[in-house]
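Read the single chain below, which is given as structure tokens and is the form predicted alone.
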């Protein structure tokens, strides 16, 4: 019996890892020795991107077909979220004059991350990759690192476009600083350039992965103990955690978008 229980526990642990990890190549593909295989997280990314493009085209159909559209229904709700990102994130961070330039990137971050987070909560995607779970691509550090790298280059490009190549790098060092302090300050500023994308990568992926692990771990006693009361308690707790995960999904999309916009704004307005 103990042996069987030990095996059950081990299997549950393996199932949890299989669910949150990007395990299993659905389509193997290599290019110049680089593994570009299609995995479940890649599939989930494609699904999220396709869904987001479809929703955006549907919500903006009036703006593309009418000269003076009056938004209503879903279009009005979509416009409300866009306006929230514009007025609540973009204008205070990058400035009103730069909203049109950096708005598409920042809004793409918000909507794509939010879509991937929500899709990761839907049980029907668990059938991807032989039942190992679709999960959310934002729980994959490769995915969040790719988004953070885009932010990294956007910060540099924004500063160079606004101030020029040489002045941008000069603006990283505050004026009227003693030369002795520059020995310490310059390495710190260079390190901060790479700490920012690292923080974006870790924060988003860790929060999304932790939520899925917590939910699966709470379900585990059902299969270990085979007790009805434990099962009811586990389900009840996971219902509450699911609502918490919905909030976390929104907050993490907002935080990543806000920090990316703040970093870009600091590059444009280095003295603010």
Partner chain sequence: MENLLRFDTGLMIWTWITFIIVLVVLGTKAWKPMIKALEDRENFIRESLEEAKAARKEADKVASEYEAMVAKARQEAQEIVAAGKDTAERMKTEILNETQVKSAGILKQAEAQITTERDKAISEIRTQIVDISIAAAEKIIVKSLSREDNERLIKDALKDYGQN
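In this text, the rigid core denotes the largest set of C-alpha atoms whose superposition between the two forms falls within 1.5 Å. Numbering follows the first chain given and starts at 1. Predicted model only: the values in this text are computed from it and were never measured.
If you look for the form predicted in complex with the partner chain, you will not find it shown, but the lines that follow are about it.
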inquiry  = Within 4.5 Å, heavy atoms only, which of 114, 155, 121, 99 is in contact with the partner chain in the model of the complex?
reply    = 99
ask   = Does residue 216 make contact with the partner chain in the model of the complex, using a 4.5 Å heavy atom cut-off?
value = no
task = Would you check, heavy atoms only and a 4.5 Å threshold, whether residue 93 touches the partner chain in the model of the complex?
result = no
query = Would residue 247 count as a contact of the partner chain in the model of the complex, using a 4.5 angstroms cut-off between non-hydrogen atoms?
reply = no
task = Determine whether any heavy atom of residue 69 comes within 4.5 Å of a heavy atom of the partner chain in the model of the complex, and answer yes or no.
result = yes
inquiry  = Is it the case in the model of the complex that 165, 195 and 254 each bring at least one heavy atom within 4.5 Å of the partner chain?
reply    = no
ask   = Does anything in 238 to 253 come within 4.5 Å of the partner chain in the model of the complex by heavy atoms, and if so which residues, in order?
value = none
key: Rigid-core frame, C-alpha of residue 54, shift of 2 angstroms or more between this form and the one not shown   = no
